[in-house]
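Just the one chain here, laid out as structure tokens, in the form predicted on its own.
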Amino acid sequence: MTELTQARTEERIREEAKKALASGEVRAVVGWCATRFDDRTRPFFAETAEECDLLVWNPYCINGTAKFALDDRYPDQKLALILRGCDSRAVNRMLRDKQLKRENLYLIGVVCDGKENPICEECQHKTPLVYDVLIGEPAKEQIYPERFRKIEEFEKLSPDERYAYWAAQYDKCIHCYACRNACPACNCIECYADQYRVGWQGKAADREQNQIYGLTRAFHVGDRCIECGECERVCPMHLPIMRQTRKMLKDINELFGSYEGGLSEEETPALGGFRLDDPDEFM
């Protein structure tokens, strides 16, 4: 994106944010604002026209915006979200999970050309899939042919090698739940890991409990993952969390055909339903 195009997009975002607030139906607009670091932005809630002038659009608008809508599940007014393609899939995911209501949201979609985030190179949906107003010309959907390449390479390792790899990863985990807190698919009102029930989930940050948590979460979000990579981006120990969910998605694609999560509010997760002709070789 050229500086001119970036500036025009930023101006349009501010204009649409001001319009939303001026309507009286929207209480705040969630986007990004600058920080004291040139290569950093942070999530920002604009509640006045003056604050809308602080909204930015640049290569460092990386944080997901959609999950902030869960902070108030029963709002008196709408919440406006500035959405990229990944954020729109997150909204669809949470709408499908009945965690949000569409009438409580005002969606400002922005066609995204990718940000300074490695996972953006793999994005197949530059244009938001759901929105009330769209900024930018719709981009053609892309096919990322190497979506599962790293998984295929990893599968060539022996079982012992794969176990040793993941054991080393979970030895680093500090059980901080940052991956869960950032993930749009982790949207339960109360997480099982926070409940105190004997035999469920230990609180110790050791290999055994970390493995239980990591694998449980992988299966929980496996067919609901929108591949935004927020879990991996926020992990302070740099665990390759997406490698787990991509493995789940690879298996789902092989068993049930081409599948991506969060493409629409109506979709049923691949593992959330059944067909009489489902594969049953495992039985």
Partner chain sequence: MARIGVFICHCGTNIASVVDVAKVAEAAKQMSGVAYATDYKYMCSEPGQAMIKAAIEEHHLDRIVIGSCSPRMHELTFRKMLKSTSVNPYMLEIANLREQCAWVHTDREKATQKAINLVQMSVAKVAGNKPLHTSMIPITKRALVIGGGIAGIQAALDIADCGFEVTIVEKEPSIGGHMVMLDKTFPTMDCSACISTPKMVDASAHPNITLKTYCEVESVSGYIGNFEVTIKEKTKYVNHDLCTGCGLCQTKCPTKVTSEFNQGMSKRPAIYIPFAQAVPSKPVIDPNACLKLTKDKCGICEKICPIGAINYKDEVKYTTEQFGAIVVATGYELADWKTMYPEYGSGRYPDVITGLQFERLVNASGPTEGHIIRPSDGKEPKDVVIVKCVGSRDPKKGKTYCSRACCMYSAKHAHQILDKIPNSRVYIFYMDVRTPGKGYEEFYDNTRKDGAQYIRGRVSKIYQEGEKLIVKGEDSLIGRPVTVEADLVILATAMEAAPNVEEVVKKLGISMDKDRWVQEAHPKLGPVETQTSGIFLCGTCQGPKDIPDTVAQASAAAAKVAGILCHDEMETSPMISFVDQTKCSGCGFCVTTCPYKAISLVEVPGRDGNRKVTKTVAQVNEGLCQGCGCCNAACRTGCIDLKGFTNDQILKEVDALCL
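The shown structure was predicted, so the numbers you read here are calculated from the model rather than taken from an experiment. Numbering follows the first chain given and starts at 1.
The next section is about a form of this same protein that is not shown, the form predicted together with the partner chain.
Contact annotation: D76 falls within 4.5 Å of the partner chain in the predicted bound form, judged by heavy atom distances. At least one heavy atom of R93 is located within 4.5 Å of the partner chain in the predicted bound form. Within 4.5 Å of some heavy atom of the partner chain in the predicted bound form lies at least one heavy atom of G272. The shortest heavy atom separation between E137 and the partner chain in the predicted bound form exceeds 4.5 Å.
Note that among 78-86, 108-116, 121-129, 182-190, the stretch whose heavy atoms approach the partner chain to within 4.5 Å in the predicted bound form is 182-190.
Contact with the partner chain in the predicted bound form, judged by any heavy atom within 4.5 Å, is made by just one of D171, E141, D72, E146: D72. Residues from 217-249 that approach the partner chain in the predicted bound form with a non-hydrogen atom closer than or equal to 4.5 Å are H220, R224, in the order they occur in the chain.
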